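We begin with a single chain expressed as structure tokens, specifically the form predicted alone.
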């Protein structure tokens, strides 16, 4: 019995020492009970949309650095946001597989992505099945928020709003410049994004009385778009409406110039036309082109210029509409986490549903607020149209519409010169 008591005493002493060591060597985060918010990001980091995927990643990383440096999520004891990236390669099946991995293996609390609407759409079903909140910065297909899901929240305008504003712009330009437009051509990448836009274009063109002279989908992976450009030339539209990723936007623009195709107006739909590589690779061939986006560097919003300059210094190029929404998405998440005070996915989801942001770094876009409707769509999402032109300092993107947002002193070139 005496020996047994000695052993027990030694055991107590041993575990007491272990406890003391634990207190001495406990990490600051552990001692403070600090948590980590694990955010799964599915982006096209390779493949045809890799450039925009990398821009979205950079924008998220900058936002995370800022939030973590400012003390993290205070309602969670200073919890830091940790980003876990997965490459979709712009393939729906890869995006779905990565969503399953991020949720089941990485144990993420939130998902964000996926830029390509064709990837985002099936991934939303995965998020909904597991009850994981999914913040969609910019995938614009209407159907993403038309499924009755409760875990999906989209920051950017949906494609029916983009196309609506493209046609509203054309109506205003005709009135302002006393120029009649009668025929339109639709040329678009053949994924969900392009097809979604084309469906809306057809409806709006009919309502506005335009004659559709060409409706032409093409694969984004195409290395020769001269057959498509030849069809455009034969159709001779007054207006050419485009949706393209970066590589095909560049190829299409340069091929249009090569074949001397000059509609009265060419209007892009963000995406590849807003990519920083676009102007570098097209130069004067892109002059006078219009593009619809959520944001531009000359937007009149508090802190927009400073945040863009910081991003440009860090990564070597300007923010674009897509990367702005990626940046905003992290601040929307941080706001929801502060209000949720929990890492429970349902608590985060409920906080996101009650979002109403009107100030702070999240408000650098053209939106008056970020506020989600019952479908998860940001009902305050707004758009602007820019024109590419040279104002004496090289080609730049200049905000022209709505007219009250037009850069002071600039008059759009409309219609485009035909010589």
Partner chain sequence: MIYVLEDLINGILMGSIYGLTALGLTLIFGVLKVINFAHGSMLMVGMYAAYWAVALTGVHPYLALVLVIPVMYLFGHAMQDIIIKPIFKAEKQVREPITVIIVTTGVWYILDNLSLLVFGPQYRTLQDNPLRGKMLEFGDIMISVPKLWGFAAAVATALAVYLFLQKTRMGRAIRATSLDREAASLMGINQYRIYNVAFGIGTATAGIAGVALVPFYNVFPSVGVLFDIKGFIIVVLGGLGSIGGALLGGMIVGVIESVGPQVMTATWTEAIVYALFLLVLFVKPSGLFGVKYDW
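Numbering follows the first chain given and starts at 1. Please read these numbers as outputs of a predicted model, since none were measured by experiment.
Missing here is the form predicted in complex with its partner chain; even so, the following discussion is about that form.
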Select from the listed residues 75, 300, 223, 105 the one whose heavy atoms reach within 4.5 Å of its partner chain in the model of the complex.
-> 223
Please pick, from 198, 267, 246, 79, the one residue with any non-hydrogen atom lying within 4.5 angstroms of its partner chain in the model of the complex.
-> 246
The stretch from 382 to 390, 62 to 70, 49 to 57, 349 to 357 that lies within 4.5 Å of its partner chain in the model of the complex, judged by heavy atoms, is 49 to 57
Hey, in the model of the complex, is residue 218 touching its partner chain, heavy atoms inside 4.5 Å?
-> yes
Although its partner chain is absent from this view, report whether residue 131 comes within 4.5 Å of it in the model of the complex, heavy atoms only.
-> no
Tell me, yes or no, whether residue 282 is in contact with its partner chain in the model of the complex, where a contact means a heavy atom of each within 4.5 Å.
-> yes
Does residue 275 reach its partner chain in the model of the complex, with heavy atoms at most 4.5 Å apart?
-> yes
Candidate site 38, 100 and 145: all three near its partner chain in the model of the complex by heavy atom within 4.5 Å = no
From first to last in sequence, which residues of 314 to 350 have any non-hydrogen atom within 4.5 angstroms of its partner chain in the model of the complex?
-> none
